[in-house]
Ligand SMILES: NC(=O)c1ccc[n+]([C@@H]2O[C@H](COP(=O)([O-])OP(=O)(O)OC[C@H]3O[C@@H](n4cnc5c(N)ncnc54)[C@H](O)[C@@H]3O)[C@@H](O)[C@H]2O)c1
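Just one chain follows, in the form predicted on its own, and it is written as structure tokens.
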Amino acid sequence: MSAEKVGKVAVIGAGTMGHQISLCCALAGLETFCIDVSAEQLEKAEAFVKKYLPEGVSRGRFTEEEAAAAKQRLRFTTSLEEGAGEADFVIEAIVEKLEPKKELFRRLDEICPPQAILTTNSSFFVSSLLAPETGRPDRVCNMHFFNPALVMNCVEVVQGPHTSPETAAVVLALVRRLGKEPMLLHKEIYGFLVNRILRRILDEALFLFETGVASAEDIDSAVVNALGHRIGPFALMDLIGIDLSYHVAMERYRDSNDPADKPSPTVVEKYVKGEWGRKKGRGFYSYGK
């Protein structure tokens, strides 16, 4: 199957990443289902789309006709069977926990057409952990978008040892069809490219904060104004979600048993308090309602 023949896409998960990836696909001309077990989460995703499209038209990102067509192509459902039963291509974007992902890939393998490609948006779990749950390991790989998916152009495509060259080629071409820039990793490595580099920055920023060297605001300011980053590490953690930082670190620790891989005391404290960043209105910064 070529990327040009991909007509129907199923995005599993309507959270921070999933609903934006869904809209990316719809804007690129693909019939798209955004699927989530939570009807409330789907309502939020649909509300986002209804607000985003008119704003995009007013800012000249696309025409009224293009916005209307994208809205028509994007549907929301709680039914995995309805949304993925005829999909040519699946993008999993659920919680960053391994067991729920494994269970989902088992179900997708049963539900989806035999030729469908199954990808995961996971930023840490390599697809070789998920491929054995299916009868199509050659059609499984990582397709990692960055937050916010509608804005960020980079997408990491990770070709695992099980992923066929044909599948990797389709995923790369589809990324370009979405108007994004793909980066191909020829082998699996934990954290991929960007997050391996980013982790070092975040770890050092947290160390400087926790040892009282500087405030979160000043560390962010230094990174933006001296290093030229568009956003500082603490503002970035708020944007990504401190709960995600916590879960990823805990999964890393469970895998390695290395205490150095545990989430930092500050991340643990904010996770327990429910101060998860923008999604909760408070993290390292306050965002109101």
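The structure presented is a predicted model; accordingly, all values stated were derived computationally and were not measured. All residue numbers refer to positions in the sequence shown, first residue = 1.
Same protein, other form: the form predicted together with this ligand, not shown, and the subject of what follows.
- Although the partner is absent here, Gly277 is not a contact residue: none of its heavy atoms lies within 4.5 angstroms of this ligand in the predicted complex.
- Contact annotation for Gln41: at least one heavy atom lies within 4.5 Å of this ligand in the predicted complex.
- Though the partner is left out of this view, Leu23 does not reach within 4.5 Å of this ligand in the predicted complex, counting heavy atoms only.
- Taking the partner from the other structure, this ligand in the predicted complex has a heavy atom within 4.5 Å of a heavy atom of His144.
- Only one segment in the set 172 to 180, 109 to 117, 128 to 136, 90 to 98 has any non-hydrogen atom within 4.5 angstroms of this ligand in the predicted complex, and it is 90 to 98.
- Screening Ala47, Val37, Ile231, Ala222 for any heavy atom within 4.5 Å of this ligand in the predicted complex leaves a single hit, Val37.
- Contacts of stretch 1 to 24 with this ligand in the predicted complex, defined by any heavy atom lying within 4.5 Å, are made by Ile12, Gly13, Ala14, Gly15, Thr16, Met17, Gly18, listed in sequence order.
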